[in-house]
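The chain below stands alone and is given as structure tokens, in the form predicted on its own.
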Amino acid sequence: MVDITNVSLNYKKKTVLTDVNIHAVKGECIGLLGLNGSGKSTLLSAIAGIKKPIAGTVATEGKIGFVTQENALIDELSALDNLRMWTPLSKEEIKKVLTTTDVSVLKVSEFVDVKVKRMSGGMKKRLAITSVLIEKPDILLLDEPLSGLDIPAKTDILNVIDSYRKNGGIVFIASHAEEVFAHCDRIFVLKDSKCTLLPEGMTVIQAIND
């Protein structure tokens, strides 16, 4: 469960969001739509417990996994050694997870020994999401997960998100990429410091340009 009640948030001493109210339950995917600077990342940070609201409350139940835009990976380490930073599983146990569970869709097993500094953007994103999912979080926060990726990488990431939801996980996706929102149950538009539900019949493009 994620319960955001009357939340207001600052970024660099400026109010970016006021009076946000969102309640999400198991198996639900919430889309956060907005341009750069609209407060999407700040809201995800509040859900993760990193950012403290200036008003209101954020209540969550369960383990949270947060994939940021920056990809918290260590360049000098291989994919496998990066994963070992996030889980107590042994190398062999990790390799088994990469090929026998839902994260196999992300194909990290194909470059498990490659160092991050030699990876493409798509490989890094696949690895970053795997590093979070390997610990089986109840709540998955994704900040611009499709940014700069090719079509195969986008498809694989959206597929793993769908699988995660079907298993009862809660997903929050912050993005301005239209294809993301076809996988969301509800879409909230972040604009002019407000967070409002996308009106029925309005497209993502219309909401951004309105």
Partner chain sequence: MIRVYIKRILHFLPYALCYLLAFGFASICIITYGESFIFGDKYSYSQAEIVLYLPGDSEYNDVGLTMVNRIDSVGETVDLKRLDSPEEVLQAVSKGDAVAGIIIPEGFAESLSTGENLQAQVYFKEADSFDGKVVNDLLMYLANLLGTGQCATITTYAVLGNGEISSSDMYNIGTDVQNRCIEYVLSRNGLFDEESIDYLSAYTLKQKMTASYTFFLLVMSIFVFAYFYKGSNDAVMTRVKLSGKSPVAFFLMETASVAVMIYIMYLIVFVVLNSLRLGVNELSLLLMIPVIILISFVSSALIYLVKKPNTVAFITFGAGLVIMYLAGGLMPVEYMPKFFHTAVLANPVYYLIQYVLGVMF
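Positions refer to the first chain, counted from 1. These numbers were taken from a predicted model, which means no experiment stands behind them.
If you look for the form predicted in complex with its partner chain, you will not find it shown, but the lines that follow are about it.
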Looking at its partner chain in the predicted bound form, do all three of E93, K95 and V112 come within 4.5 Å of it through at least one heavy atom?
no
I'd like to check something about A48: if you look in the predicted bound form, is any of its heavy atoms closer than or equal to 4.5 Å to a heavy atom of its partner chain?
yes
Report yes if any heavy atom of D81 sits within 4.5 Å of a heavy atom of its partner chain in the predicted bound form; otherwise report no.
yes
Using a 4.5 angstroms cut-off on non-hydrogen atoms, would I64 count as touching its partner chain in the predicted bound form?
yes
Is there any non-hydrogen atom of E135 lying within 4.5 Å of its partner chain in the predicted bound form?
yes
169-177, 65-73, 22-30, 35-43: which one contacts its partner chain in the predicted bound form at 4.5 Å, heavy atom to heavy atom?
65-73
